[in-house]
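Next up is one chain by itself, shown in structure tokens, the form predicted alone.
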Amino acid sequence: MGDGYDLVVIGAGPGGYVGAIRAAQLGMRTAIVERDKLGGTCLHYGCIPTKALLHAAEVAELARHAGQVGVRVESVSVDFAAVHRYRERTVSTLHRGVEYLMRKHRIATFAGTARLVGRNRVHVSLNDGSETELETRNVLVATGSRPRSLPWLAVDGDRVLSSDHLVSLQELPARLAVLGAGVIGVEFASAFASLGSQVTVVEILPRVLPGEDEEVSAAVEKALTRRGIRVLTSATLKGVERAGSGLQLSVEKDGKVEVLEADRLLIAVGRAPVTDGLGLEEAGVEVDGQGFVRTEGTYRTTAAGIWAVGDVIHAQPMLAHVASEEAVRAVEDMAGHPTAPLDYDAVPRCTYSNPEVASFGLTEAQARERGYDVRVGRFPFSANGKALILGERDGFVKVVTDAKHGEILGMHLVGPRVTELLPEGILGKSVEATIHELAAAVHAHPTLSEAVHEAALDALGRVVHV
């Protein structure tokens, strides 16, 4: 065993490696343990590779419709093996970047599986077969999450797939069924439909993207259906059987059972925290019945000297940027710095489908449930000049405000590039700007951001272009 550390981070995803870097910046001697690859699920199986797939899908769609703007593209086809190589190059480049950051900040890295053997000791079973123990003043648990499955349906990695499997698939399935219409399910459905698969989505709840504003959900379902994706909401998967080289799915909807055929089935029913085998309970860290670590304040666990952040501490929001921000606050707390709590009502939520979805804060229904006197502003992209130029007129911007003071309670967007438009509203909320300031800010013409401006004007009864 070498010299002790000020901090040992368990897990090198967006929570872990960002926390390790912040600790190093604060002068803490830091080590990080990761059993797979630096960058974690987000970099290797989640955020980055899925968005690479979605970009390839977007390019394919643009090529198919290039004739609408006078550009002739003959015989558009998708080389799925080349898409896979593009995705791998993107991931590999960013992976090397994280490795560089660890070297730059002199963070000791251990490739292996960590287990707490006390509040100040971490045992590591290294991937090379050897073992070591690290002595540390503090521990940050940032082990993330893994895909959930169904109790009665085994994910085999062949025909029944998790998102980890699907993102690495080498061949494009002709028929893809997706169980779950949350963010993961909708993104994969959108990508594979554009790449050439026939896609069916099965969702047990009444609408797609059930965590989003109801108007947004309706717009997304309409857009997916128009693109040829079959969407079955309020539907239950009752059984799965192998049939030849594919699958037969029994789906119940409106009291009737339909048999669907698919080559692959994606199980996208949420994610579960990775806390098993960490020795948390033995170290005095309380874990709930679902495996989530209990924390309070600045992400302190029930054991002194142990903090936890990211997917391991809450079912929602399971987002990379949330884990990073939580990790920064946790590490600053360790170092004795004053920290401001994270405002979860100002956290961006994004779905990178076609069309994109972006939101933060309260939906209209949630705002009314909390007792606000709600005023809503809307503006459609069909009345936006830049959206017309891009040929992407579907969608809208919706701003939810408090009628009394003009407080921005939430913003909900569906349409072209809306994930890039959201930060304006988040910054406004973060600095306590009101809808009046948002409406007074000058927006360049022609830009998609003008839709945000017009939605703000609409909330004040002053919309111009509709």
Ligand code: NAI
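When you see a residue number, it is the position in the sequence shown, counting from 1. Model, not experiment: these values are computed from the prediction.
The same protein also exists as the form predicted in complex with the named molecule; that form is not shown, yet it is the one meant from here on.
- Comparing 311-319, 325-333, 113-121, 99-107 against the named molecule in the model of the complex, the single stretch with non-hydrogen atoms within 4.5 angstroms of it is 311-319.
- Only one of the listed residues (269, 134, 193, 223) places a non-hydrogen atom within 4.5 angstroms of the named molecule in the model of the complex, and that residue is 269.
- This chain is drawn without the named molecule; in the model of the complex, the residue among 204, 243, 388, 126 with a heavy atom within 4.5 Å of it is 204.
- The three marked residues, 179, 187 and 352, each reach the named molecule in the model of the complex, with a heavy atom inside 4.5 Å.
- Although the partner is absent here, residue 169 lies well away from the named molecule in the model of the complex, with no heavy atom inside 4.5 Å.
- Contact annotation: residue 183 falls within 4.5 Å of the named molecule in the model of the complex, judged by heavy atom distances.
- Contact between residue 51 and the named molecule in the model of the complex is found at the 4.5 Å heavy atom cutoff.
- Of the heavy atoms in residue 150, some are within 4.5 Å of the named molecule in the model of the complex.
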